[in-house]
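For reference, the chain that follows is the form predicted on its own, supplied as structure tokens.
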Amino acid sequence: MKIYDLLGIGFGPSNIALAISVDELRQRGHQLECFFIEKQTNFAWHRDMLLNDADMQISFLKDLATLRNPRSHFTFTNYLFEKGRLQDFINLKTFFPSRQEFNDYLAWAASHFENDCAYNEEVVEVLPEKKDSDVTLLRVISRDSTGNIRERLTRNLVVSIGGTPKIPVSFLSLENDPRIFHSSQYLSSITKLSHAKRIAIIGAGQSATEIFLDLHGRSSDVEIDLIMRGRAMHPSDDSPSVNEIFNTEFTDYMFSRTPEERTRLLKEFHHTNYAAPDIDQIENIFRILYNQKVTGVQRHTLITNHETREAQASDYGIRLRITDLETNLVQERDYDAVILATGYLRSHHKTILAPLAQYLPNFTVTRHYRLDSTPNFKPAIFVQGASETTHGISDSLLSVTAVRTHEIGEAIISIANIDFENSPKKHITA
């Protein structure tokens, strides 16, 4: 069986950026054979949140390559040039392209590596390949949509699978009810519920506000309750001073802190990324609610300082029992659909790597994103987007992607050079 130098699980922005970094390493003379496995049938970035009026919350300069190599073929600027839109984009006078355009940029970048990626395959297990007492390779097992199993061997592995939907406890028993769905399935799910007139959105972040505005514009007879634990919607803090926490240098600072200091930093800067929509989204929602007061026609309600403690499903709809967090008073409200804009968990890599857990103590991560391993475990496993507690809030964002993938690529080259120096074949030849 063919042995790859590197296998990547997932082919979203992080691993596309890694493919670009590896391509640059090849141009420098390093012969690395890599391959990626992606469960989607084709590339799409948050396809169910590609709303017509949604813009990026991050500068286009924090693309797949610019911060590492502004001369790269794969910069967003060169994408615009090749698409014939560079001058028009300049005339927009913005750092923030639409999410649809940035998705097209990512798809354009991914298209350069179609021969290096298997789409429509989901990795189901990663197993150790042993020689005596040492684990020397990894066997990556995937399954396609028809149920066929594929196995591949690799010397190194990079897991970049993004987040999995975070479902509140009160909704877990109803997870398979099509009338209740996570924001990550918004567009495909809402089109199947054209009859829904009373809709609840749970959450207070960017996804919640974008969905509210999209639903408001879809139909004049849809009524929406936006339910959140906080007393008010807080805008994201994107001032220049605060934005320095997304600089690549801040990763070093964050990693060098004690666990207690890291926790304090994450709490201090929580509203730069979580439950923090853009100010224009908040203003648009406030304007809609204000106009209701002017006209006397109330379609939508902002329910703050409340938490959903119980959800019940029947043939007639979804009944939520929501509790006022100040008075503990409970009210019941009925809906045709409930949308959970409740964020993501970033621990699924531990499930995929569970057969290797004995070699990966506590799944701790080094500064350069490699999982610590026991001495008898020779492959290197890297994770992308799962190290916020040690590397900072930028870890799951685009901010450091171009630099992070360069660090991973250089680490793999270093490992390959060490293996070559210690190989019996090298010493015989010498």
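What you see is a predicted model; the values in this text were computed from it and never measured. Numbers for residues come from their place in the sequence shown, where the first is 1.
Absent from the display: the form predicted together with a small molecule. The rest refers to it.
The candidate stretches are 153 to 161, 250 to 258, 71 to 79, 304 to 312, and the one lying within 4.5 Å of the small molecule in the predicted complex by heavy atoms is 153 to 161. Proximity to the small molecule in the predicted complex holds for all of G10, Q40 and R346, with the criterion being a heavy atom within 4.5 Å. Note on the partner interface in the predicted complex: the residue among A380, L398, V365, A65 having a heavy atom within 4.5 angstroms of the small molecule is L398.
Exactly one listed residue, out of V242, L213, I352, L127, brings a non-hydrogen atom to within 4.5 Å of the small molecule in the predicted complex: I352. Looking at F60, you'd find every heavy atom of it more than 4.5 angstroms from the small molecule in the predicted complex. Under a 4.5 angstroms non-hydrogen atom cutoff, the small molecule in the predicted complex has E122 among its neighbouring residues. In the predicted complex, at least one heavy atom of H46 sits within 4.5 Å of a heavy atom of the small molecule.
A residue is said to contact a partner when one of its heavy atoms sits within 4.5 Å of a partner heavy atom; M56 meets this definition for the small molecule in the predicted complex.
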